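In structure tokens, the next block holds one chain alone, the form predicted alone.
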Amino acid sequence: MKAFKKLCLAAMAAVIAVPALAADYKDEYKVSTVVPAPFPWGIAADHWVALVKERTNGRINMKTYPGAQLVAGEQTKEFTALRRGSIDMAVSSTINWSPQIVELNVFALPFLMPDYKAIDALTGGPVGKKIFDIVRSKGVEPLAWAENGFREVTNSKHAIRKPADLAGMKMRVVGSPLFNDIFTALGANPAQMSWADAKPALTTGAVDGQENPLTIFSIAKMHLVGQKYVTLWGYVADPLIFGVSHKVWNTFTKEDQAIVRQAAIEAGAVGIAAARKGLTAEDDALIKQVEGLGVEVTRLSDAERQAFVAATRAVYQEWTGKIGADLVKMAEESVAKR
């Protein structure tokens, strides 16, 4: 009889325990992004959502909300919302989180990363680990890296081949003080605005140009809003981070945490491949596609690029102090060893 009673109690405990594991799971987890598929950013986010749903048998149901709509289009407020738990998850640019995490500006130091190997050396090395530790300490669990790509400069006036070509030009930049400082140093008049406001401003001529990865230029058809000149200068790159609010992360079982993390790693690899497609020495199909739209694409010589490096060096040095000299040194060493 005692054995039977123990068996019954154990069975009851098992029945109670199973639902308890998912008792705090939501019907839907909102994932914030800035742009949807077919942009590489949106591709990475959608792939993450699909993998998690499949591998958890629908226990974790995620949905992407592009256009930073969960923060009314104010993309630089995304991290604060994520940390507070008003957003569940995000695939976000390091630029957009940099107002709250100053160390993320390391990726936006002008001309720090000359190629894709340099990006990989940072995100996959000690700098990436340090950044993840910082993000985690602020209430968000970082899972993996993706990529928006190298940011190139475009405009409606003329080809940009030297710093003087930017003099007086009205340029839309992201809402980061570092970007404002870079374009000010180059003699331009930067105007900070969200991506949602950028295309209307370009259409009306309120601004002359902007800076963004070439994938954004192509998919968003920027040539139709007067952007007839592109300069490939690769002055900064734009890594993306998969993040989950700790208010959500801590409700997942260890097994589900592992599933969500691994799915993010795999989705990040897909997004990185999409961000680089057609933009390498081996495959420049996207560059040729943009030229086929009647856009003049300028490729800088090493000497021409160095003129931009020199013109922004004071900004680089000033922001090294803000970011942290040790972290910047770590980044420079990682790039040098790539």
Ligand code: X2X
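Please read these numbers as outputs of a predicted model, since none were measured by experiment. In case it trips you up, residue 1 is the first one in the sequence shown, and so on.
Beyond what is shown, the protein has a form predicted in complex with the named molecule; the following relates to that form.
- At a distance of at most 4.5 angstroms from the named molecule in the model of the complex, none of the three residues Thr154, Asn155 and Leu202 contributes a non-hydrogen atom.
- Heavy atoms within 4.5 Å of the named molecule in the model of the complex are found in one stretch of 181-189, 89-97, 134-142, 262-270, which is 89-97.
- Checking Thr231, Asn105, Ser245, Asn212 against the named molecule in the model of the complex, a heavy atom within 4.5 Å turns up for just one residue: Asn212.
- This chain lacks the partner; the member of Val71, Val127, Ile216, Val207 within 4.5 angstroms of the named molecule in the model of the complex by a non-hydrogen atom is Ile216.
- Although the partner is absent here, Tyr116 is not a contact residue: none of its heavy atoms lies within 4.5 angstroms of the named molecule in the model of the complex.
- Taking non-hydrogen atoms only, Trp48 never approaches the named molecule to within 4.5 angstroms in the model of the complex.
- At the 4.5 Å threshold, heavy atoms of Phe111 stay clear of the named molecule in the model of the complex, well away from it.
- Although the partner is absent here, Val174 sits close enough that one of its heavy atoms falls within 4.5 Å of the named molecule in the model of the complex.
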